[in-house]
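Below sits a lone chain in structure tokens, taken as the form predicted on its own.
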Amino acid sequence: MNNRILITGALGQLGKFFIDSLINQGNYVLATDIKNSNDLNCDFEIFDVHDLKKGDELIKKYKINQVYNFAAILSAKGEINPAKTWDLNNAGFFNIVDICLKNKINKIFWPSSIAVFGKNSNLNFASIDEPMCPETIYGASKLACEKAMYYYNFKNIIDIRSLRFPGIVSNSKPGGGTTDYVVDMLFSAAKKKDFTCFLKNDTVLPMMHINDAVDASIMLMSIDKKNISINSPYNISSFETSPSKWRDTINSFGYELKIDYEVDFRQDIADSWPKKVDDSLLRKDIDWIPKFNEKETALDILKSI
């Protein structure tokens, strides 16, 4: 592939997995975030997406030709400070676009989220173009950027590609999302500790293994633009689970995880998100299918903890 890629928000849940995969495929990667790190397998620079001047300097210095823009505040943390969340998520999107346009970079990957859906959507099986009234500032910010993405693609101003991620299951520390219980439960099981869940036991949400999320994203970025049939993000998912079902899956491997339930404000968020999404168009357009189902995901992550 031999691209020179800048990743923003590289210290979040997604960053290190994208870095390793992109490097393994022959790309140069520059990781950036607002705090320092020596734990990544690539060059690293401090970069706040509000800083247009620094972004311009980094792109020129490292001869960047693609950007993966992961800088964001997630759903649960976003409700604590809505103004900051709106500012970071939206300013980050537009600033990266502006920097790329200035430097004639024509391809950006930017992740959206199932948080764009709302209770006016068909939450039992959400299509790509459902009505959407998100009930979190995170979802509202993602939806606003989705509309801007559509505009930029429709007008052929810049090529932005995106997936609406469900809950991502990995061995990295959760970053303040409503689906983070799936990861926390795995760590609790591995440490032989009981788990207190903030969602009801039967709350079903779509999920996927981090490797599937990375593979699909890189495939989407790699295919010819003529194969992409929409200007907005694709739905993507692998399996659906609930806290009680996920516990049973974990315990099927010999663990004895016990759960207590202390439902909080995140239940209202989860109730506004789809139980299942229709990702058939993505599978058709980029010829992708997930490698991991629910049991394979749980077992693989447990082995890596």
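Numbering starts at 1 and runs along the sequence shown. A quick note: this is a predicted structure, and the numbers were derived from the prediction, not measured.
Beyond the structure shown, there is the form predicted in complex with 2-amino-3-ketobutyric acid, which is absent from this document and is the topic of what follows.
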Residue 162: touches 2-amino-3-ketobutyric acid in the predicted complex, heavy atom cutoff 4.5 angstroms: no
Partner proximity in the predicted complex: residue 117 to 2-amino-3-ketobutyric acid, non-hydrogen atom cutoff 4.5 Å: no
Contact label in the predicted complex: residue 74 to 2-amino-3-ketobutyric acid, heavy atom within 4.5 Å: yes
In the predicted complex, residue 134 touching 2-amino-3-ketobutyric acid (heavy atom, 4.5 Å): no
Partner-proximal stretch of 123-131, 215-223, 100-108, 163-171 relative to 2-amino-3-ketobutyric acid in the predicted complex, 4.5 angstroms, heavy atom: 163-171
Within 4.5 Å of 2-amino-3-ketobutyric acid in the predicted complex, all of 8, 55 and 93 (non-hydrogen atom): no
Within 4.5 Å of 2-amino-3-ketobutyric acid in the predicted complex: residues from 176-208 (heavy atom criterion): 177, 178, 179
